[in-house]
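Next up: a single chain in structure tokens, the form predicted on its own.
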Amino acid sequence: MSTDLMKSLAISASGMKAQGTRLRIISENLANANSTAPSPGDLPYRRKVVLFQNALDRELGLDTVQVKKIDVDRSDFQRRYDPGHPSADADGYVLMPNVSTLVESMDMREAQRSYEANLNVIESTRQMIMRTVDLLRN
């Protein structure tokens, strides 16, 4: 089997793994979009972001993608006036997570498309390998 086809599979698999991690972090962000601090003065959930990097696979001699770091988004928290909330401050404001469900939905769609693109590459590579095997049989 061609090593180029194997390299194609390895690159796509690393992309799928990285996008899978990204989807997991997006899910965490969406699940905690309304998670407030447990008490006044505490901080609510802070959005997480995934950073990617190129990684040289020395065994195969090619660049792949991998997760470099899962970091937190340092943007400001939102404030909502809700004086009856248990974590409201003296002025009646509650700190809300810095998670935008719209931004998370867009990120999820992009991660999903990247995942599907890598999956399509794997499927095309698999078909090429099967055709090659069929040609060799005949």
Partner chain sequence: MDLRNLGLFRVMTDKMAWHNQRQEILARNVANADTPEYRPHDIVPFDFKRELRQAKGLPLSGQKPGHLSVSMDGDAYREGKTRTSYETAPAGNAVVLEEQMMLVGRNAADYQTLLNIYRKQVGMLRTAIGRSGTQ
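Positions refer to the first chain, counted from 1. Note that the coordinates shown come from a computational prediction; the quantities given were computed from them, not determined experimentally.
The form predicted in complex with the partner chain is left out here; the points below concern that form.
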(request) Evaluate residue 70 for contact with the partner chain in the model of the complex, applying a 4.5 angstroms cut-off between non-hydrogen atoms, and reply yes or no. (result) no
(message) When the contact criterion is heavy atoms within 4.5 Å, does residue 113 count as touching the partner chain in the model of the complex?
(response) yes
(request) Although the partner chain is absent from this view, report whether residue 25 comes within 4.5 Å of it in the model of the complex, heavy atoms only. (result) no
(request) Flag residue 52 as yes or no: does it have a non-hydrogen atom within 4.5 angstroms of any non-hydrogen atom of the partner chain in the model of the complex? (result) yes
(request) Name the stretch: of 77-85, 61-69, 97-105, 33-41, exactly one has residues whose heavy atoms fall within 4.5 Å of the partner chain in the model of the complex. (result) 61-69
(request) Would you give me the residues of 103-134 that have any heavy atom within 4.5 Å of the partner chain in the model of the complex, in order from first to last? (result) 110, 113, 114, 117, 118, 120, 121, 124, 125, 128, 131, 132, 134
